[in-house]
Ligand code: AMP
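First, one chain by itself in structure tokens, the form predicted on its own.
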Amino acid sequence: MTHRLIVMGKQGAGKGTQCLRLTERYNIPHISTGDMLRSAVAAGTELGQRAKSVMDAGDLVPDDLMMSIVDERLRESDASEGFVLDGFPRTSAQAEWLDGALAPGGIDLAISIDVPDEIVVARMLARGREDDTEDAIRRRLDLYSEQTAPLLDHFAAAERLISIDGFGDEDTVEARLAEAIDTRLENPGGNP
């Protein structure tokens, strides 16, 4: 069985940690657009230079650029049996593009990891990335509310959304995720 998963949530909700655990559990690649963009910035590529100014301001990288990056990555052979997408889609246009790109089956599940804003801000400041200033973090949280949170409705309407409480230690959150995914994929019409 393939597992084509999207993991969503505010920045700092623990998506990256949980995505890595899901890749081990289901033997599928973790496709992190944030990691791909940070690597491009570090390497000084044209993409990296375009993305750096946008990321430093706490804004989202334009849809067309993100869609081309993801399209290229999903065409790699290791993604043919499934994947965990982290950081994509973040806008309605990206979600609609992804539906078309993965047609006819689409994604199996979109998973929202829910964590309160103040916990997210504290986590992100503690990890100390250069692009994690408090102003940039708050800007990304605002953008999430404006642009990304409506995607939850998109996936809920397609009956492919599950929400998980992301507060707790990593093992507890992973157990919640795995139980919800396994329950939903074994019983597609049911709820976890």
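What you see is a predicted model, and the numbers here were worked out from it, not measured in a lab. We number the residues from 1 along the sequence you see.
We do not show the form predicted together with the ligand, though everything after this point is about it.
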Checklist entry - With the partner left out of view, is Gly48 within 4.5 angstroms of the ligand in the model of the complex by any non-hydrogen atom? => result no
Next on the checklist: Is it the case that Gly34, even though its partner is missing from this view, gets within 4.5 Å of the ligand in the model of the complex, heavy atoms only?
Outcome noted: yes
Item to check | Residue contact check: Phe83 to the ligand in the model of the complex, 4.5 Å heavy atom | outcome: no
Next on the checklist: Residue-level contact is defined here as any heavy atom of the residue lying within 4.5 Å of the ligand in the model of the complex; does Arg38 satisfy this criterion?
Outcome noted: yes
Checklist outcome for this item: Note: the ligand not shown here; in the model of the complex, the stretch from 101 to 109, 72 to 80, 87 to 95, 114 to 122 having heavy atoms within 4.5 Å of it is 87 to 95
Item to check | Candidate from Glu130, Asp165, Glu134, Asp59 lying within 4.5 Å of the ligand in the model of the complex - any heavy atom | outcome: Asp59
Checklist entry - Pick from Leu161, Leu141, Ile28, Met55: which has a non-hydrogen atom within 4.5 Å of the ligand in the model of the complex? => result Met55
